[in-house]
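Given as structure tokens, the chain that follows is alone and in the form predicted on its own.
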Amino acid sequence: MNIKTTLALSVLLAAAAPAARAVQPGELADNTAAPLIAGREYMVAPNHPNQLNVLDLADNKVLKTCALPDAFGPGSVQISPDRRTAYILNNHFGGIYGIELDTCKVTFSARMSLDAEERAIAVFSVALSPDGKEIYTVQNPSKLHVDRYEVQAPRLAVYKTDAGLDARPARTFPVPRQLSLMQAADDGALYALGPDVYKIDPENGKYEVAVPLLNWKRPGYGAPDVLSAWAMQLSTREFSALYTAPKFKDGQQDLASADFVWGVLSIDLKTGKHEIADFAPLTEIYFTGTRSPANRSHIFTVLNGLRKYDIKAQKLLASASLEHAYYQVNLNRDGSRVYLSGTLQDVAVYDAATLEKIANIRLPGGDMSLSTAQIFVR
């Protein structure tokens, strides 16, 4: 799906989500000031009514729950390179907040609307520089008139992460429309997903198409369709997105006889090299897919079922039925466990080798909706 379809789907999903359940007294973890332990693996997962949960993956329990400012949604999270701060796109796509994980203190705040005469949102776009000194987002502003909204050009906004609680952009640049997910590479380049994947220099705003996607010229294939709203910081250091595409049987390019396939676009953030690879026939819908850090040929996908594929062999290796749909799939650092999040208020844990269920981690409060969970090691 393109970004317009993605945003429309996001609105529908948010509208269809169950009403947020009020947090009951004594339900929240009370050790919000407890520091995280070096070398230990954690997961952050935002949820309703408006909070950030820190899960300790050593015992699969909620360690602490941090209250967030303003309002919930979408809850797109990126973790700082030093693993001390979570940056969250929230407040109905209208603000980014930095939360110190050891203390739950708010250390950064920036509104997407830069003055009283505009309304701006960022559609899932939040990324951090490799040194953690800057945060990037693409803002989509409209000018407010008495009788109408006037759509303005989108802009890449670059903030300093030490800018405090009323941060203003250090610089802005015009960028193409329909940009959403972003991730910074080790060399400082910023990759942004739109109709194609763009490579942006955040120092001067110059950009180019890094990987044609909607406009690819892939022999034997029609235009791909992409839905991607969860920018996962993988231990494999990849920027990736699933796609579906028609694969034609001959030069007639007849959609009625075409085979439809699932595939994954991956950009290695260490080298900048990219890969486009089919891995399965299109027989069901997935929202996210994650390569294994233990074996890059293995990819895990999820929505109504959890699946494990071998990309090179284009073979289904294992599958598991789920109690309900999950939007996002993550793996821990050694690739031994799979963590499913999104939709309701539980994180499901599975063995990566067998897809046997290990645990459910219930979060205090309500559903996670479209929020992005991230796994990291302090």
Partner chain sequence: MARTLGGALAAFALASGSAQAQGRINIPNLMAERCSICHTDDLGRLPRIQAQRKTPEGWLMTVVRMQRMHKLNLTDDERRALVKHLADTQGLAPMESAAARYALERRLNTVESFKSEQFTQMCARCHSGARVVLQRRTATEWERLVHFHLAQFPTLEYQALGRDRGWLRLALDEIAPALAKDYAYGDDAWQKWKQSARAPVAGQWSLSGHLPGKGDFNATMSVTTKGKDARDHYALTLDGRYADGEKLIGRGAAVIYTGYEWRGKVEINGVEMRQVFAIDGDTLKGRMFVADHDEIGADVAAARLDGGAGRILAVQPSYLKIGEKARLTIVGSGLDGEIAFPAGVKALKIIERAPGRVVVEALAGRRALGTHTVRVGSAEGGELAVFDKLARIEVTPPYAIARVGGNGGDAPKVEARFEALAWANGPQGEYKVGFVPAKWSVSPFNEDAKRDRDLAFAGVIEAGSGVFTPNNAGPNPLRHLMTNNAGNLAVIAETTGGGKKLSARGQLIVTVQRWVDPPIP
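Note that this is a predicted model, so its numbers are computed, not measured. Positions refer to the first chain, counted from 1.
This protein has a second form, the form predicted in complex with the partner chain, left out of what is shown; the following refers to that one.
Enquirer: Of the listed stretches (203-211, 114-122, 289-297, 70-78), which one has a non-hydrogen atom within 4.5 Å of the partner chain in the predicted complex?
Expert: Partner-contacting stretch among the options: 114-122.
Enquirer: The partner chain isn't shown here, but in the predicted complex which of V302, L179, I267, I99 has a heavy atom within 4.5 Å of it?
Expert: Comparing distances to the partner chain in the predicted complex, the residue within 4.5 Å is L179.
Enquirer: Counting any non-hydrogen atom inside 4.5 Å, which residue from D225, E238, E134, D278 sits next to the partner chain in the predicted complex?
Expert: Checked against the cut-off, the match is D225.
Enquirer: How about L322: is it within 4.5 Å of the partner chain in the predicted complex, going by heavy atoms?
Expert: Output for L322 is yes: heavy atoms within 4.5 Å of the partner chain.
Enquirer: Taking any heavy atom pair closer than or equal to 4.5 Å as contact, tell me whether N140 reaches the partner chain in the predicted complex.
Expert: Yes, contact at 4.5 Å.
Enquirer: Flag Y149 as yes or no: does it have a non-hydrogen atom within 4.5 angstroms of any non-hydrogen atom of the partner chain in the predicted complex?
Expert: Judged by the heavy-atom cut-off of 4.5 Å, Y149 is in contact with the partner chain in the predicted complex.
Enquirer: Although the partner chain is absent from this view, report whether L344 comes within 4.5 Å of it in the predicted complex, heavy atoms only.
Expert: Contact with the partner chain, yes.
Enquirer: Relative to the partner chain in the predicted complex, which residues of 35-64 have a heavy atom no more than 4.5 Å away?
Expert: None of them.
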